[in-house]
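Before any questions on how it binds or moves, here is one chain, the form predicted alone, in structure tokens.
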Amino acid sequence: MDFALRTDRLVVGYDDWESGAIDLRVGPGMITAILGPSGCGKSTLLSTIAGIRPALSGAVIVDGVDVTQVPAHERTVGMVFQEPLLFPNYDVARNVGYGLERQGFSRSQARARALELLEWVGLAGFGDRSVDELSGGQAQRVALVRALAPQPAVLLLDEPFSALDVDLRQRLAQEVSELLRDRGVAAVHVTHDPAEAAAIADDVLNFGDISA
């Protein structure tokens, strides 16, 4: 099987802590959830896969290419955080099209694509709105399609629903899993909620079990 994401004996860490060796295998359109308590290193793993934090040892391989030494902005990896982290000075469509503009699309091309993606996640007509007008669930949808707009091979989800109420969290988790499978995007979803992990993922791994 060809894996969209593979880590080989990857060791991550910060300050005076480091993980054991981590071997992940995630195929296109598959979602792997990683469970574990706060502070166990889950977010550090995602940051290392994304290239935000350097690996201590081992390799990160995306679509068969070793990207361990490749800068974050050159990796085909998207990331969605616990907070949407939208740009307050851009409207909704410009937020979604930001990554496309960085890839060389004109602003009008990026906007047209952004409006298509917003319709895809049920936010048709929201392109001209300020991000301050969005609810929590709407803001996370915008953050999701902003990450997906540049067509990453891998999407990393760092507890993106944890600040939402239970009903909305469960609904968005299900919607996101369907969207990622529809797009064929491999995803790693970090959470401390076993029910959320079971709802969204093909595989559920405990951080302690994969870092050994």
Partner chain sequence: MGPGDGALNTPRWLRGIWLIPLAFLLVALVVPLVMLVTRTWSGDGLRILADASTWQITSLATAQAALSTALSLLIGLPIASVVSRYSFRGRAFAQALVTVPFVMPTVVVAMAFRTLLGSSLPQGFAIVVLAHAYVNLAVVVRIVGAQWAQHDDRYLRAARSLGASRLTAFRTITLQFLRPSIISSAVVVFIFSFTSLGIIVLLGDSSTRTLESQILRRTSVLLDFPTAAALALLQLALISAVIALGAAASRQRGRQKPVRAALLPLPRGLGSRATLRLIAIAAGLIVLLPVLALLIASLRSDSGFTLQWWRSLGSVDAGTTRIGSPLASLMQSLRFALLTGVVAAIIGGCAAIAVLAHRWGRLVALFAIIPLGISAATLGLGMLLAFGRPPFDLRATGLLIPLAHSLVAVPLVVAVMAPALRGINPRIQDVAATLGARPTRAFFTAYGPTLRTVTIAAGGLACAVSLGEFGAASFLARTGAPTVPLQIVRLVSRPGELSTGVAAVMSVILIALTLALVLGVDRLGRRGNGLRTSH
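Residue numbers count along the first chain shown, from 1. The shown structure was predicted, so the numbers you read here are calculated from the model rather than taken from an experiment.
Keep in mind the form predicted together with its partner chain is missing from the figure; the text below concerns it.
Heavy atoms within 4.5 Å of its partner chain in the model of the complex are found in one stretch of 29-37, 66-74, 167-175, 181-189, which is 66-74. For the chain shown alone, residue 146 is a contact residue for its partner chain in the model of the complex, at least one non-hydrogen atom being within 4.5 angstroms. Among heavy atoms of residue 108, none comes within 4.5 Å of its partner chain in the model of the complex. Within 4.5 Å of some heavy atom of its partner chain in the model of the complex lies at least one heavy atom of residue 98.
The closest heavy atom approach of residue 83 to its partner chain in the model of the complex falls within 4.5 Å. In the model of the complex, its partner chain lies within 4.5 angstroms of at least one heavy atom of each of the following residues of 129-143: 130, 132, in sequence order.
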